[in-house]
Ligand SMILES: C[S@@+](CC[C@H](N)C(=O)[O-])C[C@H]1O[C@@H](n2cnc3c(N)ncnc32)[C@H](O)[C@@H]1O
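One chain comes next, on its own, written out as structure tokens in the form predicted on its own.
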Amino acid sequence: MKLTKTRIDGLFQVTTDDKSRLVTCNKVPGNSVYSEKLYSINGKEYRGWDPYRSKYCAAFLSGMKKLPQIREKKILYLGVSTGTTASHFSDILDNGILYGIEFSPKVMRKFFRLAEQRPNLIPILADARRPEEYSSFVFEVDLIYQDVAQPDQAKIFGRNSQEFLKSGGLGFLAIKSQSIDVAIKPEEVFSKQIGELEKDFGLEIQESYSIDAFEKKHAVIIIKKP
């Protein structure tokens, strides 16, 4: 097996038998989070990162150029679910922290158990549409990562960016067109969401990219707060 660095600090690529996949160094050796494959290389354990279960991994493999770095960041994760992507961020984070917002109590119980093993994950049961519910728990962050299946996805991101994102901070917004309007083309949905982010919240769009190879009718938008 061959282990190589990528352009994202803390994200590696493992090559075996002419096949390669992205991996992160496991902060809890011997434990997998979602039955992902584990690799032992040079005395360390690495976890395979499934692009079909993580928009960040899918965006990297789709060729996005301006993906935000994770290491040493304070991250607000909206729609953290059971923590598949957050667990890999936890592996990468060095002196950073991740606030995970999830609305479903059943799902949050699974994320809470994950956070018990990973102290850089902070579980918060709340509605991402109402940032005032958790404003006393979350401090200013460097990055907002959003992956929620709601029709008002741009508004959710915009309100949270106003409340928590520092000036110059970045956002990763996964847009699910089918959650917004099934009657129009995904490209039109993405365009409208971008327009709302720019016009209503004064945010700058750094890059917009389709991840259809892994998630149909999905796009990822990288955003900067001036």
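So that there is no doubt, residue numbering starts at 1 and follows the sequence shown. Keep in mind the model is a prediction, meaning the values are calculated, not measured.
From this point on, the text means the form predicted together with the ligand, which you will not see here.
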Just one of 135 to 143, 90 to 98, 114 to 122, 75 to 83 has heavy atoms within 4.5 Å of the ligand in the predicted bound form; which? 75 to 83
Taking the ligand in the predicted bound form, would Leu3, Thr24 and Leu61 all count as contacting it (heavy atom within 4.5 Å)? no
Would you check, heavy atoms only and a 4.5 Å threshold, whether Ala154 touches the ligand in the predicted bound form? no
Determine whether any heavy atom of Arg47 comes within 4.5 Å of a heavy atom of the ligand in the predicted bound form, and answer yes or no. no
I'd like to check something about Arg109: if you look in the predicted bound form, is any of its heavy atoms closer than or equal to 4.5 Å to a heavy atom of the ligand? no
My question is simply whether Arg71 lines the interface with the ligand in the predicted bound form - judged by any non-hydrogen atom within 4.5 Å. no
Only hit among Arg53, Lys66, Lys37, Lys166 for heavy atom within 4.5 Å of the ligand in the predicted bound form is Arg53
In the predicted bound form, which residues of 99 to 134 put a heavy atom within 4.5 Å of the ligand? Ile101, Glu102, Phe103, Ser104, Val107, Ala126, Asp127, Ala128, Arg129
